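Next up: just one chain, as structure tokens, the form predicted on its own.
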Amino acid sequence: MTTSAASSEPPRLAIIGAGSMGSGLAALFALRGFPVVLVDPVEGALARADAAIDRQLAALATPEQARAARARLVPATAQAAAAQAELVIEAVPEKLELKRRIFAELDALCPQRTVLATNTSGLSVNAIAVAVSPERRKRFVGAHFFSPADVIPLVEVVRGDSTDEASSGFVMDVLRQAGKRPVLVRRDIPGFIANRIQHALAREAISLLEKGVASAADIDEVVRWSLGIRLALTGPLEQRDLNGIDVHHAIASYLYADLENRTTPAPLMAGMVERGEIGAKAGQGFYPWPAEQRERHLADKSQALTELAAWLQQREAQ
């Protein structure tokens, strides 16, 4: 089917979409030794990606390593440039019809051995895969990276109803070779794993704010310095084992009934969206975000995440 990621020659990759996610993936894979073609037909997109890749490589690599990575990375405006790739990763905006159109074109362009992967964070892998032939669906997977793609180690590899084990295994091997930590999501469900857990946490936090239980800053402080610091070392199911499942069961027996369980977005959040208070990119969300503070904050967070991820992986390897 495909070249093994464990072979001496890394497989050829194509990244479709040169936005922040696509450029981050291109820089990451090229730095890890993969030949990469970065495809985007939108005027100016590749030039913007080029500048972003320079910044990413400068932060992640020595000048010599950056030059070597650059030599492995080829920009292209035509999707036909992806035809020789053994793995194609789509990283375009979250629009179902756009993704379907791109994959229909890739299905026609690429040999049957090529594995196609969508970086969707919420759309159904099965719903996207209807754009390709039934035979190609065996080699169609979700590969959900987290932003920033060059910093967050985990990738959710999502199997569609037709995905075969060889294809999901191949993608996981490629990701491990790139220094990522892939997990296999065996069923295509809305939100996969991370977004389901993240939204459950955010729903309760927004509800607490809406009810006036505490300020946004204090709610965040509680999560960061109790749950958050522990979750970096212990997942929620392991933590139940450590605390005692009997203890969790006893608390759940009275607490679950009082937890937020609405099935639509909170009125507080809907109102913020209507007013354009949509977060850092707009200058106002739950917190004010002056432009100069926003850029500094994002850079600091990215650096801190890089250091934390490196420390955690080094600790785990000991």
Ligand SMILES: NC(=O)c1ccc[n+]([C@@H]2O[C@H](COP(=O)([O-])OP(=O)(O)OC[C@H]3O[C@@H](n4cnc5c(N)ncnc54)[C@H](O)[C@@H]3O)[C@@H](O)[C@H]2O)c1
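From a predicted model like this one, the values you see are computed outputs, not experimental measurements. Start at 1 with the first residue shown and count on from there.
Keep in mind that the form predicted in complex with the named molecule is not shown, yet the notes after this line are about it.
The stretch in contact with the named molecule in the predicted complex, judged by heavy atoms within 4.5 Å, is 94-102, chosen from 151-159, 67-75, 236-244, 94-102. When you look in the predicted complex, the only residue of 41, 33, 265, 285 with a non-hydrogen atom within 4.5 Å of the named molecule is 41.
The three marked residues, 45, 120 and 145, each reach the named molecule in the predicted complex, with a heavy atom inside 4.5 Å. Not displayed here, the named molecule is kept clear of residue 13 by more than 4.5 Å at the level of heavy atoms in the predicted complex.
Of the heavy atoms in residue 303, none are within 4.5 Å of the named molecule in the predicted complex. Taking a 4.5 Å heavy atom cutoff to the named molecule in the predicted complex, the contacting residues in 11-37 are 16, 17, 18, 19, 20, 21, 22.
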